[in-house]
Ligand code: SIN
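Take a look at this single chain in structure tokens; it is the form predicted alone.
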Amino acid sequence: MPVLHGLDSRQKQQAFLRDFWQQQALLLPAALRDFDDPLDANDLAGLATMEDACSRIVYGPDFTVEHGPFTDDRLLGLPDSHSTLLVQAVEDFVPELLELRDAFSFIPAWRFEDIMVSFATPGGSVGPHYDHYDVFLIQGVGCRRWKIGQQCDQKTAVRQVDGQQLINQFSQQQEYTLSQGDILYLPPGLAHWGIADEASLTYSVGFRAPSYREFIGEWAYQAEQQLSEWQRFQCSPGTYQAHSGGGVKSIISEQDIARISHELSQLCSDHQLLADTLGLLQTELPEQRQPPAVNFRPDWQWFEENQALISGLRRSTSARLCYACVGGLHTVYCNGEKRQLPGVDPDWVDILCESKFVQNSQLREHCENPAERQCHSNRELLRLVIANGAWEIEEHEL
């Protein structure tokens, strides 16, 4: 795991989280000393020709956008200046990039989005903009200048350019020039504008958070699954009073509103429901990153019969896994699905949510030796992560 100079101790990491995280920009000069790019511009161009890679080109003074996949001729025809090629989730194709994510292990892994890599020719830029997520900009080969602007909000005037939101009035506050191994942290909503001084590669390690609009939509869906058609509004006894005179009272009373508020507050206080909402939102994979369908769902008997062939399990680079423990009950969220596992071994949950490789000996330790109830839950978790494409069985090389 790379060591981040400037954030290389627990004390420094705590200071960063307290004073900068989601608050203000921070430059970490030479944070990755002796940093070697895990890919080059040609490698990135190769990825941009692939159907399952999300890529785009931004070029010219008006920041014109084209979306991939691209042909070789189109990429070779890019101008020698004022152009940028960007590819999302490059760690799916270059697993070595995950070491960059691991450098920020003091941030909860369920916040990680992806690693975008951009190659820019001199003058290349995507324009002045802001993001809704936290990002660490790691400079690879070459130099790129970053102008830091104002803190933006919903009132900030922007213009749409092929799906990009560019800021109409950029108010520069600071400027940094990043060389190879430098890192610039940017919090959500902070305007920034990167311009390549020379041909350069930049690695953007993004950490996402759902908007409350997204959260409420998922929460309402999950809550709906818990409620039956028989659970309906009921007023408190004595709420309605007979009245003299004709006519019908059309007013919704304060008592009616209070009753609904009480029922909804019960749902809002349901920590399991809130955990499910967050866990499912954060582990759902975008359509282009969905793993191939897995038709093979081995039971433990298959593992027992094939132990001599299996070296272990390897985690998919695109896998999204996290878990919550509410009231002593573990719920695991895996690529947008959940499973509650009474009695599961917490160490086994940690291993499958945090590790990259599981040895055959670890499989036996957690799925063969524990008590019956724990064994059953551990095996069910194993089936889940394999069925969802988060983990793959790795066989010994012949």
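All residue numbers are counted from 1 along the displayed sequence. Computed from a predicted model, the values in this text were never measured in an experiment.
FYI, the form predicted in complex with this ligand isn't displayed, but the following is about it.
In the model of the complex, this ligand sits beyond 4.5 Å of every heavy atom of R320. Residue contact with this ligand in the model of the complex: V126 places a heavy atom within 4.5 Å of it. Although the partner is absent here, S118 is a contact residue: one of its heavy atoms lies within 4.5 angstroms of this ligand in the model of the complex.
Of the heavy atoms in F93, none are within 4.5 Å of this ligand in the model of the complex. Using a 4.5 angstroms heavy atom cutoff to this ligand in the model of the complex, all of D131, W146 and H192 count as contacting. Proximity to this ligand in the model of the complex, defined as a heavy atom within 4.5 Å, holds among L313, L100, A89, L86 only for L86.
The stretch among 281-289, 150-158, 264-272, 110-118 whose residues place heavy atoms within 4.5 Å of this ligand in the model of the complex is 110-118.
Applying a 4.5 Å heavy atom cutoff to this ligand in the model of the complex picks out H192, T202, S204 from 188-227, in order along the sequence.
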